[in-house]
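Below you'll find only one chain, the form predicted on its own, shown as structure tokens.
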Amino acid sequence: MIVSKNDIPSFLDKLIGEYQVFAPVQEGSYTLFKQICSGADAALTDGNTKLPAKEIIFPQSEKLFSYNVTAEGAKLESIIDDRKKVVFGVRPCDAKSLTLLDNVFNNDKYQDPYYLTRRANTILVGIGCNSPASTCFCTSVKGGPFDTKGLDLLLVDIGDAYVVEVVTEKGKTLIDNAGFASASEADKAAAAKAKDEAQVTCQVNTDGLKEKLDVNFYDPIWEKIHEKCLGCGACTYLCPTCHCFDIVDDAVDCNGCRVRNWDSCAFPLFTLHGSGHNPRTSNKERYRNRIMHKFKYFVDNFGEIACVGCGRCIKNCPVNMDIRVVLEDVRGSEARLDS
């Protein structure tokens, strides 16, 4: 199927009547995913958004339940968001990140009803990346500018229109009555050409990285790698796969609610025990944990690297730390130390 770019706003307007619709919205010099009230608000021409789409499924702050304690007992009221959602214009790396987060929030030990309910009620409509940024390295972590993993529909930009590829039954249902025309052979050829010409110029060699991390916990390389890091946590908040959180109670007397807030392993308080002991007292230990978690522990637990190569941490680090360089340092630690 094919849809003209001029028809996208009216298509979104129709969806808004049935779904909460989220799309990139211009905010100064960048775009952010926000719920839109008009299809005309969607800004689909830029590349990736400043923040990933994960916040729609895993909010930065959310009430889990409210409670009230009286002489008769305690009353709990769960707060689960089951509204139907469409995330329009998500890029393939962000869609893939949700498939990685699925491992965290839905496994044989733990199922998170808040995340899973939103996930089940959300349709992801992706737009492929015709011109990946110089900081993108999705192809190095088993992704790609037109990867469909995690998506329900993929739109391929061919100029004045998008060729629409149906990935799942949910995606098909979304456009069953949209009135999109069938794509011609010329349209399909244009889409194939766009895919062929999309070049991810940056490559990160992850061969042997996991094996290296298996044995280098105490390697002196960590003394150098972390030195520039400020521990500000910006990379973790911008990362589509980071998922650390804290739980707090917000209460007055016997009435209150339990709230889940994003947290960061870059912060000293994150691992501070109630006893006062902290197993990661230094910046070195916290930065090592971030790398270990993404490229060793997540692989140990779920068989996949917890990085989608979106490049946000590279673009937005205040001291220009580059995870691509860090990984090369880790892979070459023996050679560098021998030199």
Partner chain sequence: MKNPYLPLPVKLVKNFTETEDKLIHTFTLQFLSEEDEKSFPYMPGQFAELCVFGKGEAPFGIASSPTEPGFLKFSVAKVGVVSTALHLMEEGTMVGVRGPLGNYYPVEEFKGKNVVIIGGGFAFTTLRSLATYMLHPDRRGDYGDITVIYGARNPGLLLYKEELAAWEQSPDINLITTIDRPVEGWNGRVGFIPAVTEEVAPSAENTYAIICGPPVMIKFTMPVLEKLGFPAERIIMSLENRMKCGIGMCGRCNVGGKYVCKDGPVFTRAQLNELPNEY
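Positions refer to the first chain, counted from 1. If you're wondering where the values come from, they're calculated on a predicted model, not measured in any experiment.
As for the form predicted in complex with its partner chain, it is not shown, yet the points below apply to it.
The chain is drawn here without its partner chain; in the model of the complex, the stretch among 164-172, 200-208, 239-247, 177-185 whose residues come within 4.5 Å of it by any heavy atom is 239-247.
A heavy atom within 4.5 Å of its partner chain in the model of the complex is found for exactly one of N121, T99, N107, S131: N107. This chain appears without its partner; in the model of the complex, the one residue of Q35, N289, Q26, N283 with a heavy atom within 4.5 Å of its partner chain is N289. At least one heavy atom of D253 is located within 4.5 Å of its partner chain in the model of the complex. At a distance threshold of 4.5 angstroms between non-hydrogen atoms, D112 is in contact with its partner chain in the model of the complex. Taking non-hydrogen atoms only, C232 never approaches its partner chain to within 4.5 angstroms in the model of the complex. The closest non-hydrogen atom of S61 lies beyond 4.5 Å of its partner chain in the model of the complex.
With respect to its partner chain in the model of the complex, the three residues K14, Y19 and E304 uniformly fall beyond 4.5 angstroms at the level of their nearest heavy atom. The partner is not shown here, but in the model of the complex the stretch 263-298 reaches within 4.5 angstroms of its partner chain through a heavy atom at D263, L269, F270, T271, L272, H273, G274, H277, P279, R280, E285, R288, N289, H293, Y297.
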